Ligand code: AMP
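A lone chain, given as structure tokens: the form predicted on its own.
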């Protein structure tokens, strides 16, 4: 049975938690009446998972992110980065982090794509699609927690605005990137100051500053350095305030992907073959039949123009991008940090070329790797891990929260070494 959704605007802490006052208005929080945490779940630990969009794995040392580095020194880190799923884009990888599934298995195969069966297009800029749970496969962490009587909250995260697997977070917000960065932390702290029966045990928090700076100015720019400093200070403030609660909270700081400087101009595929008679989204191609797919494949393969082209079933297995019709067929993969599109924009639309970009093959381009840092009562101090696929974050969080997990692509074995001895021993049984 679907939950009854109760929409309310919470003014500061007074209305939300009835234990403090604030004259400042914060963005509307949507509360879903799920009842209290069960008695069993109230005894569990907490996870606050922070995403710093576009925060490349080497930025902490490159730009001196002292607070983030301190988390790694006290807890766990992946010094050489966490490997995003292909394509190394925002929506596919955020959703992979919370489902433990590769994009072709959870269905969000790009930021925007076409579904040949539905004959509809999903776009991260289309609020109707973003909030329609039928687009999303898998069971995200907030839905998993809610199903098992544990309350959850999302201060932004791709998918968190939709009802997925029959559930929503107990508390969530519609995405609005204009919300003040510090007020986001205020809200997280307000949630954690709720009475135990209402307090969410799994919370997400999201910042996009570093990604925006990377796109506009490139990864080696002073603007990225400034954005890194800004979000690092936010993480430092969050960590300090979490410590002051004296609750068993594990803080996990991740990113969805890295960033690379774009080389050259746009590569436009219709220069090599006509693509006018069927849907295209970005560089994704959806010809209507096998004959057209094969014709386009042969034409593009002969072009030798800075990209690889595969029939979908022949995409290299390591990319896990060869079985979902939403991926298109043929599949185009950039050889380097270039921008590829099926068709040029309309004449009345600016032909914008970003300075920095991502989405590339993370196994060929280490600059696509993201950060991973964690600390808390369930994290082994001063532990490190070699580069690992981000599908493995989900089983780590599931273990910390003590939830029953569905079958996923990730494995707890990959990150069991960073868990406290008691949880790590359980993982080996």
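Numbering follows the first chain given and starts at 1. Given the structure is predicted, the values throughout are model-derived calculations rather than measurements.
Here the subject shifts to the form predicted together with ligand AMP, a form of this protein not shown in this document.
Proximity to ligand AMP in the predicted bound form, taken as heavy atoms within 4.5 Å, picks out 89-97 from the listed stretches 89-97, 227-235, 265-273, 343-351. For the candidate spot formed by 104, 113 and 327, no residue has a non-hydrogen atom within 4.5 angstroms of ligand AMP in the predicted bound form.
Taking a 4.5 Å heavy atom cutoff to ligand AMP in the predicted bound form, the contact residue among 189, 179, 162, 124 is 124. Of the residues given (169, 84, 158, 214), 158 alone sits with a heavy atom within 4.5 Å of ligand AMP in the predicted bound form.
In the predicted bound form, residue 151 stays away from ligand AMP, with no heavy atom inside 4.5 Å.
Mapping the unseen interface onto this chain, residue 208 counts among the residues with a heavy atom inside 4.5 Å of ligand AMP in the predicted bound form.
In the predicted bound form, ligand AMP sits within 4.5 Å of a heavy atom belonging to residue 53. Ligand AMP is not shown here, and in the predicted bound form it never comes within 4.5 Å of any heavy atom of residue 310. In this stretch, 278-311, not one residue has a heavy atom within 4.5 Å of ligand AMP in the predicted bound form; the partner itself is omitted from this view.
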